[in-house]
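As structure tokens, one chain now follows by itself in the form predicted on its own.
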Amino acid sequence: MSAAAEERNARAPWALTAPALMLFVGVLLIPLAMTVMLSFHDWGQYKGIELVFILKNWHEIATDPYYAEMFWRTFRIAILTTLLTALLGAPEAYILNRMSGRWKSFFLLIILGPLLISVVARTLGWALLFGGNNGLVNKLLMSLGVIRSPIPFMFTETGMVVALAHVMMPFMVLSVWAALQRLNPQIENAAMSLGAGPVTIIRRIIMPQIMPGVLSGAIIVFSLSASAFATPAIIGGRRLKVAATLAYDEFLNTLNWPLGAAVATLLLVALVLIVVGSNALIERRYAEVFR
């Protein structure tokens, strides 16, 4: 092979990846860098945005308890949503994996179907079901004897967790289902032949092997829930703000873009640190699974 051909072959990977790299830089890195720079600018109601480098917005976020409570509420809702999806999604994925071919395809379509519908439409459906004290959910729970008095769902963290768990459930089910594909069903049969009961099989055989899938799904659900906007905006309204809705209000309602940029940047940094740290711990704990 000539030197010119070798040089062309060496440049080929760069030429093939250049369009994707340019798109990544243009639509992600540059806007992100501009948002970070914007967070260090000043803003006034009459003077607008001033192109100066100050720490006013970051100091306000660090010293005002309102922002600490808002971020704690954001991560609290994300954690509760993750726990609820794990409790419901893991058994759902296990049952789905045990189904026969026709029923498995049918229920897999039911699980993935909501992903084809807009998050706004699904959340508005929950708002109609909640519907205040006389909503369909409260009537159903009271008729079943689960509760004696209506539970306030709208504009509460309870309603936001329920709606977010429904929106995020497919991601948890798919993660656990992917982990179950590695599980050899003959191991369960061998355990049963040795006298192990269903609880022992689930606790000592199934759970350890699907735990990486549960944790991977938990990372996805947590990050998406903490940065979700549509569901908190509709269910929580203006009474119960989270980080995403606060950044939106600062950008489009008060027009304080630098403060909104600081909130958005802090949320992004916190999520990156949590996701990267959690992923490293999972890979270290279950290194043999990821080999």
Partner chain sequence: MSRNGPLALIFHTIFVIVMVAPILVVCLVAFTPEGFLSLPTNGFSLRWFRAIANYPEFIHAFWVSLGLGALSSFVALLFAVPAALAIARYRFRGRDALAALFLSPLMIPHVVLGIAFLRFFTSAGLGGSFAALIIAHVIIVFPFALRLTLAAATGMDLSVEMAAVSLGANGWTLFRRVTLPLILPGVISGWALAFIQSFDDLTMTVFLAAPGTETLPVRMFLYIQDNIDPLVTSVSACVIAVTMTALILLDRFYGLDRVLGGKGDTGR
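Numbering follows the first chain given and starts at 1. Just so it is clear, the structure is predicted and the values come from calculations on it, not from any experiment.
Quick note: we don't show the form predicted in complex with the partner chain, though the next part is all about it.
Although the partner is absent here, S278 lies well away from the partner chain in the model of the complex, with no heavy atom inside 4.5 Å. Though the partner is left out of this view, E92 does reach within 4.5 Å of the partner chain in the model of the complex, counting heavy atoms only. Among residues of the shown chain, K241 is not one whose heavy atoms approach the partner chain to within 4.5 Å in the model of the complex. Proximity of G26 to the partner chain in the model of the complex falls within the 4.5 Å heavy atom cutoff. Each of P31, M34 and L268 is positioned with at least one heavy atom within 4.5 Å of the partner chain in the model of the complex. Residues with any non-hydrogen atom within 4.5 angstroms of the partner chain in the model of the complex fall in just one of 207-215, 75-83, 110-118, 145-153: 110-118. This chain is drawn without the partner chain; in the model of the complex, the residue among F222, F40, Y248, W43 with a heavy atom within 4.5 Å of it is Y248. L88 is the sole member of A196, L88, L141, I187 with a non-hydrogen atom lying within 4.5 angstroms of the partner chain in the model of the complex.
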